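One chain comes next, on its own, written as structure tokens: the form predicted alone.
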Amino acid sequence: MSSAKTVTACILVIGNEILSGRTKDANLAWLAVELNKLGVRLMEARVIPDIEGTIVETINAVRGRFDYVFTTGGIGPTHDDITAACVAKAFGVPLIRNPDAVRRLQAHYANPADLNEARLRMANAPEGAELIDNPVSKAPGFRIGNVYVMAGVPTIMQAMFDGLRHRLVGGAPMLSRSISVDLPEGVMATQLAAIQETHGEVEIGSYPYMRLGKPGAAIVLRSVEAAGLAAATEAVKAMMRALGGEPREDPGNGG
């Protein structure tokens, strides 16, 4: 077993528009993949509304439990963009108009009249926060403690994350293998449980499907231990063959 520390993360997706279904979140899956590449394991994700008490309570609940907390949404120019103020309240520090953030916005808007009070709200950040660059629309995110606050617009969020990823210190990346077979998962349940018991260092999940009217299942194995993952994968394949199935390893495995 590896002695590398497991580095954990939580993502908070903030916004009434997500909860109403009006906007479909595209940030969670992207961040999960990118964090895994860095050896940061996403352990929890929550979707919460634009309600001050909920945001403050949630941030304080998760920032002590995980190495990193990433938020998306709620840092725009409108009245319901309250994430920055809520983060400041959670940390017990004042919300200030960050001078560096103001300078970035001033440089972005060629006509000073375009930088109205609403847009200047995007320069607000908790006192002592470190800004996160926004190469797309210039209004920055920020980091305070282990909480990274980013935009909700996917292209902007991704650009922000790409600029800060070098600051993150991860552990061993999670490796994965996915094996599909045209057998009902109930046929494999007992044997799969036995394999899981033998290979405790590997997470094993079963995901049923129907193809052309026939049941099957994809068995997904995940571990930071390459050797253990390989051994468990071979055990699953052997089990499938013994039950009369032909295992198929899905493309894109290994990360």
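Numbering starts at 1 and follows the sequence shown. Source: prediction; values computed, not measured.
The next section is about a form of this same protein that is not shown, the form predicted together with a further copy of the same chain.
In short, of 127-135, 162-170, 86-94, 114-122 it is 114-122 that has heavy atoms within 4.5 Å of a further copy of the same chain in the predicted complex. Proximity to a further copy of the same chain in the predicted complex, taken as a non-hydrogen atom within 4.5 angstroms, holds for one residue of 101, 144, 153, 82, which is 153. Although the partner is absent here, residue 186 lies within 4.5 Å of a further copy of the same chain in the predicted complex, judged by heavy atoms.
By the criterion of a heavy atom within 4.5 Å, residue 208 is counted among the residues contacting a further copy of the same chain in the predicted complex. Proximity of residue 229 to a further copy of the same chain in the predicted complex: non-hydrogen atoms within 4.5 Å are absent; the residue sits far from the partner. Using a 4.5 Å cutoff between non-hydrogen atoms, residue 24 counts as a contact of a further copy of the same chain in the predicted complex. Along 61-75, a single residue, 65, places a heavy atom within 4.5 Å of a further copy of the same chain in the predicted complex.
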